[in-house]
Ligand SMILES: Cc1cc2nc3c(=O)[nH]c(=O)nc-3n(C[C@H](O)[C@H](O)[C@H](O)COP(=O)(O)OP(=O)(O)OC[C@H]3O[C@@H](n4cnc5c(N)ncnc54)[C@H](O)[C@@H]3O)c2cc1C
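Form predicted on its own, single chain, as structure tokens, below.
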């Protein structure tokens, strides 16, 4: 733990995955950033999130961190892409899902999803940002209070640990142009700016357990799976492996008193027999569906869990926080680097709030088809299933749970149509679902992905500022380039000479933002190229 610097361009409160991702995004644009984080080390007590989804892995690829995340993971992607439903881990199989969460390679995305506990993600991101020249990670400090005016933010930070020449409780002041509150569900930053959560808490009690069971993997016959959902008359829940040795996690759903129950009894009931298990940790919790009333106050922004909380079913929470970090990161950087206009930062909440609402709604739907609700009344007292009922049970599970395990429509298909920094078209955004992903280059959508060679993604060609993707070199783009020079808005032309690829992008010219979302598209360079660039970067434009 060192003495934090007293001035920076961006101060980030909270060094979890969201704060670290925001710092990495800011680093790509050369922004001086300080992160203050109370924890001096990352605890392995609770895995929390266990899925880094397709879109988050694409972000990490762009930040140069995807390979590091995969190397840190204990479960290789090719180990399993399946989820199994069974009467117990040692009991009968009821249903099986394949290619869950987008873990099979595909033309539709640049990176597959990765099963990895949050603590390993966080450790990897910490290592990554410590190598970044413009980022300072200061552990053992937390933000205590905030003041701001039109010129900047001043945060009082307090030392959380006694070490060397710094005493616990000592305070320092850090001045910054902007502050990002990435300090989680109990956010001090949220309290300081007067924002508050609105929503509900589910009354059902759940219990998370982490344990070691040396022979459990060899005892069951279901094969490798990222989840095993156990449905029986005594207990419902789901479980999985944290590594390929002996470490497991489980979540028991609907536990009457999670503080009184014996976790070893839960392990036995979910496994279907006595298990040689050593309980490492327990974690009682209830699902929360909360969204902050305001995620911005002047120069201060709430990001990730500080702004929204959703039930964990589907694995969307931490991944949505990383998406927030990328969005606010490139926008703050654009303003600080002089090419972002006065209205750009307003679009953080305008664009992300709809995403937060969708994630909360879909996660809640997933929660409502929890294990306890899937096959009520179908099992006899010995957890036996009538042979004639298997097909009906499997079909019911598929219908109720497909959104949880197959949600690329949500993860890749969300769009910022209607955003003030997206150039709308007369035609409406094509209909999109939450299960199946249907690629489109419609403005506001994520740029559809294509592989240009075995390991070369179209995303690898994009610049750090705006990118003008051109599929036909005959198209004159000089108006855009002249406008870029006039406005000092960074714009890089990206020529893609693949006719077979071009056909799937609907238009031969696409203006793409740093976050890989399409801001404008057309068949030729428009006469008002400067107006389009200015709009996309948050400058007021006269539409008359």
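Positions refer to the first chain, counted from 1. It should be emphasised that the depicted structure is a prediction, and the values quoted were computed from it without experimental measurement.
We do not show the form predicted together with this ligand, though everything after this point is about it.
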- Note on the structure: Among 335 to 343, 218 to 226, 392 to 400, 175 to 183, the stretch whose residues bring a heavy atom within 4.5 Å of this ligand in the model of the complex is 175 to 183
- Note on the structure: From 102, 323, 317, 237: within 4.5 Å of this ligand in the model of the complex by heavy atoms is 317
- Item | Contact residue in the model of the complex, from 26, 36, 518, 57 (heavy atom within 4.5 Å of this ligand) | 36
- Query: Non-hydrogen atoms within 4.5 angstroms of this ligand in the model of the complex: do 188, 285 and 312 all have one?
  - Reply: yes
- Item | Any non-hydrogen atom of residue 22 within 4.5 angstroms of this ligand in the model of the complex | no
- Item | is_contact(residue 51, this ligand) in the model of the complex, heavy atom dist at most 4.5 Å | yes
- Task: Although this ligand is absent from this view, report whether residue 142 comes within 4.5 Å of it in the model of the complex, heavy atoms only.
- Result: yes
- Can residue 111 be called a contact residue for this ligand in the model of the complex at 4.5 Å between heavy atoms? no
- May I ask you to list the residues of 240 to 277 that have any heavy atom within 4.5 angstroms of this ligand in the model of the complex, in sequence order? 251
